[in-house]
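First, one chain by itself in structure tokens, the form predicted alone.
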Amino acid sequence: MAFMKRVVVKKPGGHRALELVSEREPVVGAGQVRVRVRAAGVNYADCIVRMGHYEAAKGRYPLTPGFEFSGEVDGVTPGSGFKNGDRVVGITRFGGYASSVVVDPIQLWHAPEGWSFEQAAAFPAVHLTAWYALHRAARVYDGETVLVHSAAGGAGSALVQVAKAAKCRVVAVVGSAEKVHVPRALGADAVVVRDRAGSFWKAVDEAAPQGFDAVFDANGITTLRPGFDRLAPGGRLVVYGFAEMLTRGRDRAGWMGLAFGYARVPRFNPFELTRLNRSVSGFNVVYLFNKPELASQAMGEMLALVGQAKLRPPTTTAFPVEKVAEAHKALESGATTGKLVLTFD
């Protein structure tokens, strides 16, 4: 009888809520595929799940966090399109922090040739985010100018590359001078270092004096209104996160702090949007997990860009699954670049 390791959050909380347990491996059902997981991506959304503030996770505890993984197929049923030993990358609506995962074939793809398991596991969530933000929410066009916040992180790095592949001009914002090299190496046309005083907006204006056709923001509070004000006619502000509502370095968010953050989120008047010919949209990438055909289309297009050498393997920092709490702490610090992943023996 085979056993697996998986991380369980029995009830929302701090880093201690992440428990590593040993259980029997899942059985492969009809039409499904089982993967022996070698690496699982760590996303900021996983931290929100742990804290109990992720809407899609409410009412599902105890649960295992994780939306993406890579590994080797070790259990199939006829007609799946995969065989034992295939190196694959996949997505799952929670459950990725486990050494064995069972999913439907539409949730799996062959891993890019030559990529490590860590690189493959770091790919889906941020590139699905970038694809949806650029091609569905903003619908960018060749030659448009876009602004990407948090451009040295996982989603930000993906947005820079996918925007360049779409032939956009990219202005990237990073949180410190030590991170400037990340979006610059990925092809960003200009890189600006953000400061708390907000004086960085002058450099942003100098980089795009005619304004932006699209702004991509996961900060969620202080940069939303200034970004909206810098949209050119027909410009789109796309919101896909609210990182500023959670204090860096803390393993959970207090309700008073959340309430204060919520009160500071700007509101946009429909009359204002119409008068200025600008739009605001938001999305949650978990939406794609309820649209498997759309997720499959998005991943297919992103992997095609990999094959054309237009997307680089993600930069990763690996933590053994036994140190999952350390991975969450590192991500919440705001000091990391690229993607963090958990590894399984």
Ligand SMILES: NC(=O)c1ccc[n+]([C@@H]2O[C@H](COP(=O)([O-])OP(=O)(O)OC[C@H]3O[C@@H](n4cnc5c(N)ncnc54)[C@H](OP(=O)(O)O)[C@@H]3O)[C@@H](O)[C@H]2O)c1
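Residue numbers here begin at 1 and follow the sequence given. This structure is a prediction, so every number in the text was calculated from the model and none was measured.
Beyond what is shown, the protein has a form predicted in complex with the named molecule; the following relates to that form.
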TODO: Using the partner position in the model of the complex, report whether Y44 sits within 4.5 Å of the named molecule, counting heavy atoms only.
DONE: yes
Open item on the list: With a cut-off of 4.5 Å between heavy atoms, is P105 one of the residues that contacts the named molecule in the model of the complex?
Closed with: no
Open item on the list: Would you classify F283 as touching the named molecule in the model of the complex, given a 4.5 Å non-hydrogen atom cut-off?
Closed with: yes
Open item on the list: in the model of the complex, is there a heavy atom of the named molecule that lies within 4.5 Å of any heavy atom of D86, even though the partner is absent here?
Closed with: no
Task: R184, R169, R230, R194 - the one with a heavy atom within 4.5 Å of the named molecule in the model of the complex - done: R194
TODO: Would you kindly say which of L224, I91, A138, V126 lies with a heavy atom within 4.5 Å of the named molecule in the model of the complex?
DONE: V126
Task: Check all three, S150, F242 and L246, heavy atom within 4.5 Å of the named molecule in the model of the complex - done: yes
- [ ] Mind telling me which stretch in 95-103, 214-222, 72-80, 111-119 gets its heavy atoms within 4.5 Å of the named molecule in the model of the complex?
- [x] 214-222
